[in-house]
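Before any questions on how it binds or moves, here is one chain, the form predicted alone, in structure tokens.
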Amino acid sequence: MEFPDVVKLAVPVFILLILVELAAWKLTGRGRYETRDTAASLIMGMGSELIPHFGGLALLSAVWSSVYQFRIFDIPNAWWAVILCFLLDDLRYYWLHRVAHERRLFWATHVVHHSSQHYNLSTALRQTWTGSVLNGLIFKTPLVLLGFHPAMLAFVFGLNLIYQFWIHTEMINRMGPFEILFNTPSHHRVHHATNPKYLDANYAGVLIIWDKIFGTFVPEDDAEKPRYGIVKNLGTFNPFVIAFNEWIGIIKDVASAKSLRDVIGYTLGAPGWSPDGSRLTSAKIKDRWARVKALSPAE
């Protein structure tokens, strides 16, 4: 069984659908586009596809080829194995995505995707330039060791990415029973929102059931429209700032660290962690919001 590069094949469809959504926005006024923001997202997308070819993919290929020689099971390239691989990879993606929000080292690679204050199909293409190797080595290698061929793993992850493209839109409302099992635009709008009510929720790739199983599911509330971006927005469309701003922040913080505890906190603590607790983490923002809400008169 041969596995095509489905992401490359899908790129023209991505561009076409962005143009369709842009036209629909012009006609209906639903959704939001900003020229510089969209251009930045497209540049980030191109970079995420090109940069790994400068050594990153070769390193991943070498590691996975070596690990595959010591695989635990001989899993054939059969249709049932592809389905099993897809399900396990989707679970892997959930935990990678969750860790990327809970640990700053991984947030530095993922914050790129959340840096747009707009939510449209072009936002789906705003991807990291620095995360593919780090995340691939840590979170995908165990599946190779289990016995899934690296080519199969790349294929199912490509399918996962393609699925996630269409959920980055405000054009589609709730989708009824489909939302019980699958990630949808409504679920993913919550994930991209900075409202305290929505922080740290809905990490799913394809199947929303992982969030429901592990307690991170939050439904979209019609009474509270999502606000997109990050807690402290960048205020620039410069792709290099978008790609490296958080890494620079980590380097500066580590350079100023006064102890090993500080170094660990600045790298593996929650985004916003500081030795004296003066900065805001998601947990602190949510806690403050909950306390204010508890003191507010009932509606």
Partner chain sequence: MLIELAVSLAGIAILIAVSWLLGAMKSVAVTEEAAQDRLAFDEPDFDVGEWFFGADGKGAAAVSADGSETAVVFANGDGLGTRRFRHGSVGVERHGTIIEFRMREPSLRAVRVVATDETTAEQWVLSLAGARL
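Quick caveat, the model's predicted, so the values are computed rather than measured. Numbering follows the first chain given and starts at 1.
Omitted from view is the form predicted together with its partner chain, to which the following refers.
- Contact annotation for the candidate site: Val67, Phe73 and Val254 all lie away from its partner chain in the predicted bound form (no heavy atom within 4.5 Å).
- The contact residue chosen from Ala270, Val63, Ile250, Leu234 relative to its partner chain in the predicted bound form is Leu234, the criterion being a non-hydrogen atom within 4.5 angstroms.
- Looking at Thr184, you'd find every heavy atom of it more than 4.5 angstroms from its partner chain in the predicted bound form.
- Using a 4.5 angstroms threshold between heavy atoms, Ala294 stays clear of its partner chain in the predicted bound form.
- When contacts are judged by a 4.5 Å heavy atom cut-off, Leu260 does not count as touching its partner chain in the predicted bound form.
- Not displayed here, its partner chain is approached by Leu22 to within 4.5 Å at the level of heavy atoms in the predicted bound form.
- Here the chain stands alone, but in the predicted bound form its contact with its partner chain, taken as any heavy atom within 4.5 Å, falls in 113 to 121 among 171 to 179, 87 to 95, 141 to 149, 113 to 121.
- Residues are counted as partner-facing when one of their heavy atoms sits within 4.5 Å of its partner chain in the predicted bound form; in 194 to 219 these are Thr194, Asn195, in sequence order.
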